[in-house]
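Coming up, as structure tokens: structure 1 and structure 2, two forms of one and the same protein chain.
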Structure 1
Amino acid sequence: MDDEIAHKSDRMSVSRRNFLRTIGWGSIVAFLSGSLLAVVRYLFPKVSYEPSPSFKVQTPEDYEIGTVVVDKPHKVFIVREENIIYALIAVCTHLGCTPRWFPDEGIFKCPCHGSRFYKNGINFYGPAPRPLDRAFITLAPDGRILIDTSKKFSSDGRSYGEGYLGDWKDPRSYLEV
């Protein structure tokens, strides 16, 4: 008798048993996939305690013509040419190590795989595929130089990731003095 009833309801399009089963499994699947999404989101931090990419250095007059100033904490090289100042981001364009400035030779060398760059950031040796990037640079109202390494300028103007704004001809990539 019981069997017969079950049999009949099986043939209906949605039996009570099927309905409850779908709701049951459906809520379990919804709960688990919701939790998974929450865990993935949890692993992407919202707040960073890394130093700010935007910072002020000294006034243009403080940099002597022809010098390269190494700003270690902010990881930039401030290059003063005759008419312009620009900031090279001290991140090797090969795989991200920090190149080192050799004042005697007037070049940058990367310790990781030996890439070398001229004073103007152009690569001439080793695996680095392109010149160092320049950072956004401007004069702050207080007369000091403001640099933002989250805004980048590649020599050819192409984008190599987040935050690329243009090439080295872009007036935001150098400061006229």
Structure 2
Amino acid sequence: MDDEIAHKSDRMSVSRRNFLRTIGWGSIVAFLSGSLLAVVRYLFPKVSYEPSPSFKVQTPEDYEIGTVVVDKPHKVFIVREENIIYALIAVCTHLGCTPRWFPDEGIFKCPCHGSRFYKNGINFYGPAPRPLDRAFITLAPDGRILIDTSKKFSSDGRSYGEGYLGDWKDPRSYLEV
């Protein structure tokens, strides 16, 4: 009977070798699982989708003369003057911050370094080296305004990189109404 109890106690006890072997294999399995998870995560990266650079807004009749409409998702200011409508790209020409429209003052102010722009996009104060850029604008077949921010127009017609087409005199930089 004593032999039976001793034998049973030997089966229930875990030797140091078995314990370390279990810990070792467990560590290897955990490492390989983590590595596999990292590879799968690499193959399916997080993607942030930005709005399309080409989009439609309302019809010209929907904009009152003298107003500025802020389109935050597309980062444009749609300006309606008496005979034309144009879209200013809401990116400061100094360091790329987003200017804010202050309707009571009739100006755009950049919160980063204090640049200020008139309603037509021309800079008059601060470190911004040039006026805001305009976006390509045309009338879509359905009567709505089509804006493409990937096609830009600078005030002086100089090319500042890919996507610049010309200057503000180009009829593609404004819409006659």
Partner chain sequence: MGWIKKIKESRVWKSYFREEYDDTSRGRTRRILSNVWFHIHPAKISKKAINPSYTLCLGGISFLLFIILTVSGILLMFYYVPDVNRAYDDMLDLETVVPFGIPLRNIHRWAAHGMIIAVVGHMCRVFFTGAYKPPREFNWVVGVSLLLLTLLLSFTGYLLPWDQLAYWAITVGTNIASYAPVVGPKIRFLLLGGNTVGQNALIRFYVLHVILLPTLMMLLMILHFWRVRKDGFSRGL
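Because the structure is a prediction, the values reported are computed rather than measured. Please note that residue numbering is based on structure 1, beginning with 1 at the start of its sequence.
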Just flag whichever of structures 1 and 2 is the form predicted together with the partner chain.
-> 1
Would you mind checking which of Pro141, Ser48, Ile65, Ser27 is at the hinge, with one rigid block turning on the other between structure 1 and structure 2?
-> Ser48
For the rigid-body motion of this chain between structure 1 and structure 2, what is the smaller part's rotation angle in degrees?
-> 170
